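Next comes just one chain, in structure tokens: the form predicted alone.
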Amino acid sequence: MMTDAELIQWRANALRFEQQINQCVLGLQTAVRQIVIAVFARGHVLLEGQVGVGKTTLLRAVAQGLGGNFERIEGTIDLMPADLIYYTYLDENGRPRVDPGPLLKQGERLSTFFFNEINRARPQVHSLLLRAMAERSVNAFNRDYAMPHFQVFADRNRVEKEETFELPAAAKDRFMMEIRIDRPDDDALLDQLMFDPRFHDTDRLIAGVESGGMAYERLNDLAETVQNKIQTSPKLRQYALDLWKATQNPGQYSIQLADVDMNQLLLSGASPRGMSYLIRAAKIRAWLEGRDYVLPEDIQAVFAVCTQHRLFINPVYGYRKEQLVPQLAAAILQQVAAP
């Protein structure tokens, strides 16, 4: 466990980390804050957005700021689980060689794993990733390899649907957050992105992020300390429980959406793991805000990003999924009374 003085220093480091990332990617302050929360809550993150909106740049900046060892793999339709474990080739003498793949190459030092275009990979690959994400270990060559600092950042393209595989519910549930990255619509930001040469060279832009200032190998200890230090009142616990129940049975809380039979809308609401992630994220937000107790606004700030990808819509309403899920999350927050 860390001391109070160490927690204060870590909070200053976290806010500086957030500030540096915001200097790399413009107009994404909300997404950056959500990623910072996930980093310190030790949760995996799924990014979803259109092409060219800064998803990869954002994640590279996060990896640079965190330090530690970084690996990246591209999701393709022919990617197989073994490709994450090892790869084979002929060496300079024409002899077959087997070298560790991206999950094993860095050993226990692997801290950030970026899975680009995850929905292009087959379900078999998702299955392997599920175990690695849940257990922070992988079995290969008849032994287990531990990855105690392992954190996954995956992204998926919202536009392309050909040759893609929808992530199963179990896979989505392993991600603490699904963060939506939208195209900036502010003219001043677009002007900077187009005409400021600083944003034309991504490698140089990311190199400007201070690296190694986070002592990534201590993040697990920090997360445990914060979760134990930050307090929740009985009324706040009841509020969180009501929110959870509302994701299971919105009609019970008089939640109505236009032209929707609320009794038929959901196949499944948020899982217990999802609500646990919600509280972990809320505690980190409270800590970043300089408090040692959680307020309703901490939960409200992370509710949608922790919950929406865990709300599974009846196929009857599937064609309106992109519209209904955010509406339902917003309606739950509006209808469930906060203490």
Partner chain sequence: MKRLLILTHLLLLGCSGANDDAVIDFEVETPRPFGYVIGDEIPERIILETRPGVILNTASLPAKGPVNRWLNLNAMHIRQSGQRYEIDLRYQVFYAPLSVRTLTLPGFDLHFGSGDSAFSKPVPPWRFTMSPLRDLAVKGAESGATLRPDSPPPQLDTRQTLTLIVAGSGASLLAAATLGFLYGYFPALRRRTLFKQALKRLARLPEKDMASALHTVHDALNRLNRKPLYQHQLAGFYQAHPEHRRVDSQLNWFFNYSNHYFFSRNVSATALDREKLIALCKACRQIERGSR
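Residue numbers count along the first chain shown, from 1. Worth saying up front: this structure is predicted, and the values here are computed from it rather than measured.
There is another form of the same protein, the form predicted in complex with the partner chain; it is not shown, and what comes next is about it.
- Contact between residue 338 and the partner chain in the predicted bound form is found at the 4.5 Å heavy atom cutoff.
- Residue contact with the partner chain in the predicted bound form: residue 183 places no heavy atom within 4.5 Å of it.
- Within this chain, residue 296 lines the site of the partner chain in the predicted bound form, having a heavy atom no more than 4.5 Å away.
- Residue 97 falls outside the set of residues with a heavy atom inside 4.5 Å of the partner chain in the predicted bound form.
- With the partner removed from view, the residue among 231, 139, 88, 268 that has a non-hydrogen atom within 4.5 Å of the partner chain in the predicted bound form turns out to be 231.
- Checking 193, 130, 236, 209 against the partner chain in the predicted bound form, a heavy atom within 4.5 Å turns up for just one residue: 236.
- Stretch 326-334 is the answer when you ask which of 21-29, 7-15, 326-334, 311-319 has residues with heavy atoms within 4.5 Å of the partner chain in the predicted bound form.
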